[in-house]
Structure formats: C-alpha cells, structure tokens
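A single chain, nothing else alongside it, follows as structure tokens in the form predicted on its own.
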C-alpha cells in the first residue's frame, strides 16, 4: 500500500523529502493523475497541496513579486499584482485547462513537471523568473533557464522542494505578450506557445528583448537569435520579418499527434512577426 504523508508545515515537508527522496511529490495532481493508471503505484506520496507557506503572492526584499509554488492558477487570476505586473503570466493562467483544473493546478507543479507544453513555462523564461528551492540544508535560487535541463528534467535535488518563483522588481515596466495556439481556446494542449517581454528607450528602440517558446523543442526555450535580432532596433515591418526568420533557427519542432513540425515552424514565425508589429 502507498504511504501518504501530508505535512502541516514547510519544515516538516522538507524533513519528509529528506527522509523519503523516492516518494512522489504531489502539488495539485492535475498532471500526475493523467497517466497514473499506466504507471506503477508510487512507494509513497508527499502531498503539498494547500500548504500555507507555499501559497500566495507577496513582495520579496528586492521589491519583486514572489509567488508561492503552491499557488493555484485560479488564485493567480484573482491577484491584482499578478494581473497588472505580470500580464503575460495572468493570460497564461487563464488558459490552463478548465476552471476545475485551475482550482487545483499550481505554478510549482507546472515547473516540477517540466513538460515542453507547460503553459506557464515560456512566460517564466520571458520574464527572467528565478526558482527558489529549499531543503533541510538551506535555500537557493536558480534562473528558470538553468532550472529546466531537458525533456521533463530539472535541477531539483533529491532532498529539495520548489518553494517559490521570483520576478524582477521592474518587470511591470516591460511590454509583455502571451499567445497559446491549440486545437481550441479552452482545455487544449498547446501546439505552440509564445511569450515575450521587451523594454524600450525614449526613442522607441528596443533595449531589452526576451522571446520564448513552448512545444517547439524538448523543453521550453528562449529564442536567442530572435532576441539578438530585435535588441537595439526600432520595430517596423522589415524588422518583424527578420525576427520571424531568426526565431526559426532557434526551434526544432517535431511531428506528433497534436501537430506537424512544419505547422509549428509556420506558427512560431507568425507569432514572433505579429509581436514585433504590435510594437511598431
């Protein structure tokens, strides 16, 4: 029989994680339950859903937003700071499954699953998010592009838990965008996801560019060639075409049951082009 642990505090959760590194971590369970019938029963489960120390939105000492890893997407949608300072994440949260899924699915669970189609993950790349992890040994923070290491893999240690996600204090000044392309608007797994943020100078020149995609490689990625093409330039139609071409060198989509590689390349280029045109 599977042993089930529901720690009442973060300290006890970290102790359980240290003692049982082979136990399954359960946040909202919306990803884990999908394929549960096809997997062997876990040795044990550490249930973190609703743990107060992992929930909620607050300010960190640097003035940036700190989102608890156990915060549900439904809770993110009702938070004014998320809506006004992280509009790309707020928009992504709206398209995470149905209302029932949003009420259970957590930001930390999306990060821990590390799926290339995780709805929030390109946003974390585009907004320079850092992941705070903790163990009984202490805490550390990693840039999200260092945390996700490959297809459904990450840099979380065997005795660590994801406790929060941090965003820069000035993130609300950036122009942000989010777009998910799927078979339908709601309850659809992504074919292509796009997130972006830019800062602009007084003359309209792009001084900082972050472009990110999901479902176009084995993990969510930043489109570095597209960013380099955009940074330092003034957006116009010609630049939009150049950025659209550049991002195609960053991605390597595949054919699967949801879409084709050719479709994903076409859509990725068009999403990048449309974003640059919106800046112009």
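Numbering follows the first chain given and starts at 1. Values in this document were obtained by computation on a predicted structure and should not be read as measured data.
Keep in mind the form predicted in complex with a small molecule is missing from the figure; the text below concerns it.
Contact check for residue 88: every heavy atom lies farther than 4.5 Å from the small molecule in the predicted bound form. The small molecule is not shown here, and in the predicted bound form it never comes within 4.5 Å of any heavy atom of residue 182. The small molecule is not drawn, but in the predicted bound form it has a heavy atom within 4.5 Å of residue 161. Put simply, residue 31 is close to the small molecule in the predicted bound form: some heavy atom of it is within 4.5 Å. Heavy atoms within 4.5 Å of the small molecule in the predicted bound form belong, among the stretches 169-177, 76-84, 194-202, 98-106, to residues of 98-106. Highlighted residues 25, 110 and 119: every one comes within 4.5 Å of the small molecule in the predicted bound form, counting any heavy atom. Comment: the small molecule is not present in this chain, but in the predicted bound form one of 67, 48, 223, 215 has a heavy atom within 4.5 Å of it, namely 48.
In summary, among the residues 188, 136, 207, 153, the only one with a non-hydrogen atom within 4.5 Å of the small molecule in the predicted bound form is 188.
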